[in-house]
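First, one chain by itself: the form predicted alone, in structure tokens.
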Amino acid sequence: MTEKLSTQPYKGVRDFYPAEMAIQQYIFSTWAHTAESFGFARYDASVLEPAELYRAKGAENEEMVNQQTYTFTDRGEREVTLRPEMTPTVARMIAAKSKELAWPVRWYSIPNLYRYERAQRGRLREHWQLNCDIFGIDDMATDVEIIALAYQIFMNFGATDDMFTIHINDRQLMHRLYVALNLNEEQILSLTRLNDRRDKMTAEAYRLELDGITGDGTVSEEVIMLLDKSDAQTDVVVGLAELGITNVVFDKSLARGFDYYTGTIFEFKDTDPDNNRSLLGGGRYDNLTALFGGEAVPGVGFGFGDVTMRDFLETHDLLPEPIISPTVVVAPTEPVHNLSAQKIAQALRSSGVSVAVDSSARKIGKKLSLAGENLSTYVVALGEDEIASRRYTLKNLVDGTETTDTLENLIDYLTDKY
């Protein structure tokens, strides 16, 4: 006997049944609306990229390249990777058209991304991510703009400032401070990567690895004092305050794991202890396009995953009731009226509302109650009398009111409503 196939999806990915898809589309549409309100244009690219794109110097850390990508050899003996992030792709696209583009370029996308890692809260092997980037301008005000866009996303979902904090640091500033402690470039790179994991480590474990990098306990002490001392601000922090964005922390321990960041870096973090995690992150990367030849084009951007977005919305009770039902349900009283019901539904759709026919064998009372339970607004019961008189009753399931009229007049009624 043939073994039955599993109904479960591949480990670390999701099926999207209609209710889940409604939430996903709500997230995507809010993302898109917010990005476009800042003047961003949408782009996309194939999920397949040459594997060498992620092996290029500065494109990603060694662990991600060697252990966390889905990489395979195609039938043409080319090594191909399912994209684990979007920034190298957009940098490639910008470099390809750099002579034709008018700066600044504001682009956004909502790609699906793949990483082979242990599935856990906030992290899956496939997810979707909002990516927003500004290219062609090397100015503090652009860093403020991209962070303000990320902030506005939360506002458009109904969040308040107390629900999250914005952590900001500057790679150039930290590099100068580390050089002042006589750390070399290799030590600085190792320290930056260590700091990216600092909030997930015990103080003892962090100190042990730090000592291994510095080779000097006194220098390690100076590093810790430097990171913990909040004695400075940046122009970006000041600029955000001028826009009224004040839930900001200048955090010198913030590192971000990507090697290609060159200046401002930032993360938004949830303040609720039940979801104590980073929500989105980004920063300035002014050299990445140079990997493709030609002049480097300055860029700044961020990525915001759909899994962490949904976790935030659920944690703070910000998800609306998913409405996936049609606005109007036409309910024939007998199966013999199903085709007539389809004609009525087709005509009602001209008013711009969604209409479905309950052509099941259920009793009419059950059809009406199900329409209400599924959050439809109106129902039309269709029987012999309605078909003969050509007058139909549109019942409002929210307030119980009824409107009985010709189909043409009901269409006019719905047109006024919608």
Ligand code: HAM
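Residue positions are given as counts along the sequence shown, with the first one as 1. Since the structure is predicted, the reported quantities are computational estimates derived from the model, not experimental observations.
Omitted from view is the form predicted together with the ligand, to which the following refers.
Looking at the ligand in the model of the complex, residues 199, 237 and 247 place no heavy atom within 4.5 Å of it. This chain is displayed alone, yet in the model of the complex one of 106, 256, 316, 171 has a heavy atom within 4.5 Å of the ligand; that residue is 256. This chain is displayed alone, yet in the model of the complex one of 337, 252, 193, 115 has a heavy atom within 4.5 Å of the ligand; that residue is 115.
Partner contact region in the model of the complex: 84-92, out of 289-297, 84-92, 341-349, 173-181, criterion any non-hydrogen atom within 4.5 Å of the ligand. Taking the partner from elsewhere, residue 123 is found to have a heavy atom lying within 4.5 Å of the ligand in the model of the complex.
Taking the partner from elsewhere, residue 280 is found to have a heavy atom lying within 4.5 Å of the ligand in the model of the complex. The shortest heavy atom separation between residue 304 and the ligand in the model of the complex is within 4.5 Å. Among residues of the shown chain, residue 260 is one whose heavy atoms approach the ligand to within 4.5 Å in the model of the complex.
Shown without its partner, the chain has 127, 129, 131, 133 in segment 127-150 as residues with a non-hydrogen atom within 4.5 angstroms of the ligand in the model of the complex.
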